[in-house]
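Included below are structure tokens for two forms of one protein chain, each presented in isolation as structure 1 and structure 2.
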Structure 1
């Protein structure tokens, strides 16, 4: 296996004579994925990715490139001619002095299995077949990264990851749940199986009922609230504001933008989540920080470029061009998970969603389609299960309508929740719901 430090050093030597500034990140990822259908393993795949991310600037012109090769020296030679065709960037600012230090988190079982490509011994105790008709996947990975920059950055780290999701079927009904961790913890996978199975069982035991269009109290599972709160976090990055893609445009630190029940944090230093980082892409030290604290907006997330443009300070969230988010965490509420339907009273329990779309970014208006179990609840009891519906509204209204959250939290990541997040169930006072045949 090629050493990412060697790859970064080779690229650095080449770039030092070609451009004014540069940062390279050599990242080598060994992964194994197991796919399931009808409770059985159908495919096991293993692979290694060689990824070289390159940031360069010359005469205030900026270029970023990604190369999926272990020998990018020839293509790097073409960068100066490419940069010459560009215009000076209004976002340009010199790379900051690196202030971060490397943070690694390694589970030896995940590392060894990822490197060998053999996951069978690791997953033997997760009895997927006993749950019946199950589809889904489990993925493990081991990643080594090394950064070298003209600003003095020269540091690397290692990360392991264990993630997956299961969709359990009972006839035409289904439930789904996901998990993520930097450690191998079979209880997370079994917990996802148990949760998905219980939702599918409950839905299959109930009569089916169409949902009439209207306003509803809605309980959002972490699968759904994770998707929507990830959007909130992305809209809190200064890049989204600068580009005109954020309902937070015009807001400032101290503004009330949500119910006091909500505290949403960006937590790159949470070692349970796989975007664990001690420094960002510019080498600046990361820090855990609130985005929303008890309903109060705490400020935008910056790299050095957006910080200069908006006369603020970097928050350690680079992105070489625009800021990024690493990991997210939502503080728990007061409701026990076993009491959630009772707290909901009359309303809907949305357990999963996909196809979230924004009709107006500046207003935060969105719609999303539920999938899997959608429970109709009356007087705290599930009375029926619906096939599918569309939730619609605006993020500002949704944030202001949060009544409470559960005490228990889940570590979630999957297709519709790309940023790893720890969060509870979320009870919303009012959301527009429409029937759909999708």
Structure 2
């Protein structure tokens, strides 16, 4: 197996005399994914990738590259001739001093199984078949990265990850749940199966009712609120603002943008989540920090380039060209999960959603389609189930309309929530729901 440190050192030697500045990240990723449909395995996939990410600058011109190839060092020789031909970037600023130290988190069971591709011992005890008609996937992975930069960065780290999701069907009804962790814990997979199964069964046991279009109190499961709050976090990166894709354009730290119940944090140093890391792509120390604290916007996420452009400081969120988010966390609220429906009173409990699209990024207007169990709740009791509806509104209005959150939190990552996030249920006072046909 190629050692990432050796690959990074070879790349560094190749670049050191050819460009003004560089950072290389040599990365080995081994992962295995088992996919299920109708309670059986449809395919098992195993990946082993050697990835070399490269940032170079010369005379204020900047270029990044990703080489997932057999001999990346040979390809590197093309870079200097390319960069000569670019024009100076208005985003250019010199690489900052590296300030971060590496952080690793390894579960040897995940590492060994990911590298060997043999998952029978690890996943054999998760009895997916016993839940009947189930679709979903389980993924384990191990990655090892080593960064070397002309700014003195020379550091590496390792991470393991265990994530997945299941959608359980009971006739035409269904429930879905997901999990993510840096450790193997089969109870997470079983918990997702149980949760998805119980939602499907609850929906199945209830009469079906169409929802009338109108305003509703809505309880959002962590699957739904994770999807919407991930968008909020992405809109808080300075890149989204500069490129014109954010309703936060024009906002400044200190502005009230949400209910005081909401605290959304970006947490690269939470070792339960797989983007756990001690430094960003520029070598700057990462830090856990609020994006929104008790409803108050705390500022944009930056790398050194966007920070300079907006006359602020880097937040340790590089991205070589534009900043990015690593992990997210939402502070818990006051409602026990067992009391959520009572707190909802009359309204809807949306357990899952997909296909969130923005009508207008600058105003944050969106709609999203619910899927799986959508419970109609009266006086705190589920009285009917509707399979699909559409939530439509604006993120600023939804954020201001958060009434409370649950005490219990879930670690979520799936197809519609790409950034790992720890978060509770979220109770929204008022949002437009439009009817769809059963």
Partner chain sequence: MIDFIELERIVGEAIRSGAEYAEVRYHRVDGLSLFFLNGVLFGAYQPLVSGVAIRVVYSGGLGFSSTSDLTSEGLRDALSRAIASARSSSFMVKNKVVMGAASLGYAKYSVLERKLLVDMPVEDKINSLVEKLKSIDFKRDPMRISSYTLSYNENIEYKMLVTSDGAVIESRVPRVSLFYNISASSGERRANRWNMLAASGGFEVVDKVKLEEEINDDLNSLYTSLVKAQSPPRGRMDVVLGPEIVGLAMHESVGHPSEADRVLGREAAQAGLSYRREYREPQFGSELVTVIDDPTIPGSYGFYLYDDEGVPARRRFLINKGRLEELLHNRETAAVFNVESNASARATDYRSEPIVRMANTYMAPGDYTFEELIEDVREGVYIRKYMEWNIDDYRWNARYVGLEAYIIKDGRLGDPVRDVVLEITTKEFFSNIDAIGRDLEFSAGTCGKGEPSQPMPVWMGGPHIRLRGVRL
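Nothing here was measured: the structure is a model prediction, and the numbers come from that model. Residue numbers count along the first chain shown, from 1. So that the term is clear: the rigid core is the largest set of C-alpha atoms that superpose within 1.5 Å between two forms.
Asker: The same chain appears twice here, once per structure, so which copy is the form predicted alone?
Answerer: Structure 1, not 2.
Asker: Note yes or no: does the Cα of residue 68 move by 2 Å or more between the two structures after the core is superposed?
Answerer: No: residue 68 shifts by under 2 Å between the two structures.
Asker: Tell me whether residue 369 is among the residues that move between the two structures (Cα shift of 2 angstroms or more, core superposed).
Answerer: Not so; residue 369 is displaced by less than 2 Å.
Asker: Core-aligned, does residue 41 move its Cα 2 Å or more between the two structures?
Answerer: Shift of 2 Å or more: yes.
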